[in-house]
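This document opens with one chain alone, in structure tokens, the form predicted alone.
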């Protein structure tokens, strides 16, 4: 294959256009970025070329010859492989079964599943990602978030005897759940696919990644094509302007006021089942970044403060009192939490914006619900976070990823929290929403809210944090002043902690 062309991509829902006459041309051996704000039409485009949603109009050609593309089966037959943003694994099945989902199961005597061969094929696919540490026999639901994403990516790399060679790989926000080291391994895999002559469509909001690994970029805005060019012929500023329709800086707002004098959180020689040797204090208004290669340690730290976990040794003082013993108590005391996985951990996707935004705060309304007051409060919060939605009862599952994240922030800021716990707060959101979320975090800090920010985005950590805690295997390795530190400096300290 030399070129793959999707012409006239058009799709409307209820008369509202999601894509309008978009053409996308991909070339063999090149990585093509697809960018745009949340709601720009990227997800719709992927669904159309994956055959999971019927296009109103679309013509697909490969080297000038028309391809049928009406179903997911036809997309697979054409050699298209998709790695989606959401972690769509079956938690009750083994890793090997998840990797082989959608692939013919190897059989013995043509009848019985050959479990050993299945495990070997899954292990080989994971090994190509440098993920030999994942036990293919374990239950997939027990994996860390990054390993779940590696499992999904490995599924697209499974080699099938007699099957057509894949000609297109579509990666939709693949690094959103990966650590820096896992992302590097993924980039190596993409480079190999590129060298083998496959076309790669790479969807990401992370500008540094796009500029690093992509050859070309296409930008959508409001369902329409606005830019296609070679990466070497454009700039970060031009791409952002094309996405938003106006100049938008992706610079993180700097601190303009000093941190407070009071102590919001104090940890003393603390050990739990998952953490050990934690000693630090967090001032009012201070932003403490949390970094490391082991995301489970970061989650354990934040959830301990949220009231989930048991202290084995040492002390934890939160907001001038003992640690909360439950999330309900934590929210009541002014501790708010934005979880790592918005869809599986934070939102009720089938319910409206109103119940999702107000869920921890419904106790404020007493025994009798006051829907009018709830709607007014929801609209006020929506204005604060600049939520784009159709109404307070719109199911959040219908919102774009960035707007879903804003619903979580609306919930978190509803009562002006004294302590804000954040895990990957800008995962999978566009540059505009990212800037707005960074502005919210900085504003809360300026108003005196203490913030603990766990993030795999080193630029985000360095831009917002006053100090950075490095955790490795649950152990505190260092607490660093972020002044004059670059992403390369921070990454070197993280890896040095791993070696230690």
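Computed from a predicted model, the values in this text were never measured in an experiment. Numbering follows the first chain given and starts at 1.
Keep in mind the form predicted together with a small molecule is missing from the figure; the text below concerns it.
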Contact stretch among 398-406, 377-385, 89-97, 322-330 - heavy atom within 4.5 Å of the small molecule in the predicted complex: 398-406
Proximity to the small molecule in the predicted complex, single hit among 38, 445, 465, 455 (heavy atom within 4.5 Å): 38
Heavy atom within 4.5 Å of the small molecule in the predicted complex - residue from 274, 173, 209, 294: 173
4.5 Å heavy atom contact, residue 44 and the small molecule in the predicted complex: yes
Distance check, residue 411 to the small molecule in the predicted complex, heavy atom within 4.5 Å: no
Residue 344 within 4.5 Å of the small molecule in the predicted complex, heavy atoms: no
Residue contact check: residue 477 to the small molecule in the predicted complex, 4.5 Å heavy atom: no
